[in-house]
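Given next, in structure tokens, is a single chain: the form predicted alone.
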Amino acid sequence: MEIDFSKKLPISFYQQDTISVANQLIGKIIVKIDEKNSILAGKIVEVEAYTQYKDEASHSFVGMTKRNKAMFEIGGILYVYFIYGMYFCANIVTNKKDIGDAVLIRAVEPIFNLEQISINRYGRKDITNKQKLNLTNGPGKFCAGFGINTTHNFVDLTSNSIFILDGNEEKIEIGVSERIGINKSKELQRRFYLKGSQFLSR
């Protein structure tokens, strides 16, 4: 995969209103380059927006803590946390400094270096088509496949390690719904997804 660095999203993209960023992330390409210059890439097909104000499901709702400190930085970094004692979740910090907003990457369609993503996720490179569809179709699965963990907390998304590229100019249809797997603020329509994608979390 040849990376067109001119398509890397600028820092100003992340510092917009969080709901707007979440909507615009659908169809964008997330890229991770490791220390061996191995490139992993996938199309973002599902996200969820979380804000500090009027959103009880957000980690930032209670204010800044040691765990959620990254959410209160200026938009354009990763907030990665550990959950259920076994999964990592990656969030894109958005908006201005001290606001406490972020967008969870919920599902990705793997598009480059599927063998390495599969090794990271399943421990082997040869997988069935069903396993391919399940490779990164959930926040924990995405992080496992891309080798993202809490060492990537605070990573600058304008760096050359993890970043997001503008997608193709193809017309896409975006769906909106309630978020998944939460009990508080369920009524908020803050899940955005690529309609028709086979790689959604459900």
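From 1 onward, residues are counted along the sequence shown. The structure presented is a predicted model; accordingly, all values stated were derived computationally and were not measured.
Although it is not shown, the form predicted together with the DNA is what the next lines describe.
The closest heavy atom approach of G140 to the DNA in the model of the complex falls within 4.5 Å. At a distance threshold of 4.5 angstroms between non-hydrogen atoms, Y81 is in contact with the DNA in the model of the complex.
Among heavy atoms of Y50, some come within 4.5 Å of the DNA in the model of the complex. Of the heavy atoms in I99, none are within 4.5 Å of the DNA in the model of the complex. Checking K43, K32, H152, H59 for any heavy atom within 4.5 Å of the DNA in the model of the complex turns up a single hit: H59. From the list 155-163, 32-40, 62-70, 170-178, the contact stretch for the DNA in the model of the complex under a 4.5 Å heavy atom rule is 62-70. Taking the DNA as it sits in the model of the complex, the stretch 95-126 comes within 4.5 angstroms of it through a non-hydrogen atom at L104, R106, R121.
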